[in-house]
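Listed next as structure tokens is one chain, alone, in the form predicted on its own.
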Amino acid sequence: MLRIKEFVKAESLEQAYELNQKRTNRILGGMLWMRMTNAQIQKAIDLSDLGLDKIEETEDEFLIGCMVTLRQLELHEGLNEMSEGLVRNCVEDIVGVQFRNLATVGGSLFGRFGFSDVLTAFLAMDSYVELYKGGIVPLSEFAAMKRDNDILVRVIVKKTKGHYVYQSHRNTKTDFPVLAVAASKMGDEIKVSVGARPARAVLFAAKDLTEDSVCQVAQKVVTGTNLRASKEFRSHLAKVLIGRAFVQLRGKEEA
């Protein structure tokens, strides 16, 4: 059972950061995963009054506040047009609309959860995170970092021209993914992100969109076994989903 002794609405990021340095205090996101944990929190720190629940668009990038919900990502026309629907596709099967109206992008990324569709998708784009003390860090670096007491302020997605696709396999429509794959081709750069392995998502580079490259990337994917699928099935699925993603990318290139 989750127990919270005191609830604090932060008046500034500095106040939130200072409070968060104590191990018994926690930053709140959407609280949809945290509420399932067995923990006692001394002070729960709420960022909802800090204006971080907006998606701002500039000429070169999207600035996504940490309190933006998954539903906002799903419905944002500009972000989905730029990503060719990748962002919408990665969240539309996450539980249901009520859930997506509460779950936040900051909570989804900061947790670096092994089941995260959101981390998998954003890794395939030209994405960065802005940390309150750590500054701006490429998402691929942030995904590999250990969790600390910094605050993820916003996600930055560059408007890099390219093609983007998302693939996932679920045992049931709204369940966690058995495996998730996001792929992109930006100029000559091909990125492949594989998540729900069931470890946190990792990023690979491919040299081209051929079947040989599919096999080369799939062989690098380290998988594991849990209640949803075996290691062997996930390894087979990695090749299938990466192959489907590359077929989609080739179709977009030729269109």
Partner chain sequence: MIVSMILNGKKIADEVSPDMTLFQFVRKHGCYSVKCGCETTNCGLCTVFLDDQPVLSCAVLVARVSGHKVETLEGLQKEAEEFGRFIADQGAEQCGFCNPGMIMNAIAMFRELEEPTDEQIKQYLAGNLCRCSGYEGQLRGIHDFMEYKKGGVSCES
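Positions refer to the first chain, counted from 1. Because the structure is predicted, anything quoted here is derived from the model rather than measured.
We do not show the form predicted together with its partner chain, though everything after this point is about it.
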property: Contact test in the model of the complex: D93 vs its partner chain, heavy atoms, 4.5 Å; result: yes
property: In the model of the complex, K22 touching its partner chain (heavy atom, 4.5 Å); result: no
property: Its partner chain contact in the model of the complex: K9, any heavy atom under 4.5 Å; result: yes
property: Close approach of K5 to its partner chain in the model of the complex, 4.5 Å, heavy atom; result: yes
property: Check all three, A180, R197 and V202, heavy atom within 4.5 Å of its partner chain in the model of the complex; result: no
property: Answer range among 69-77, 148-156, 161-169, 132-140 for contact with its partner chain, defined in the model of the complex as heavy atoms within 4.5 Å; result: 69-77
property: Neighbours of its partner chain in the model of the complex among 40-54 [non-hydrogen atom within 4.5 angstroms]; result: D46, S48
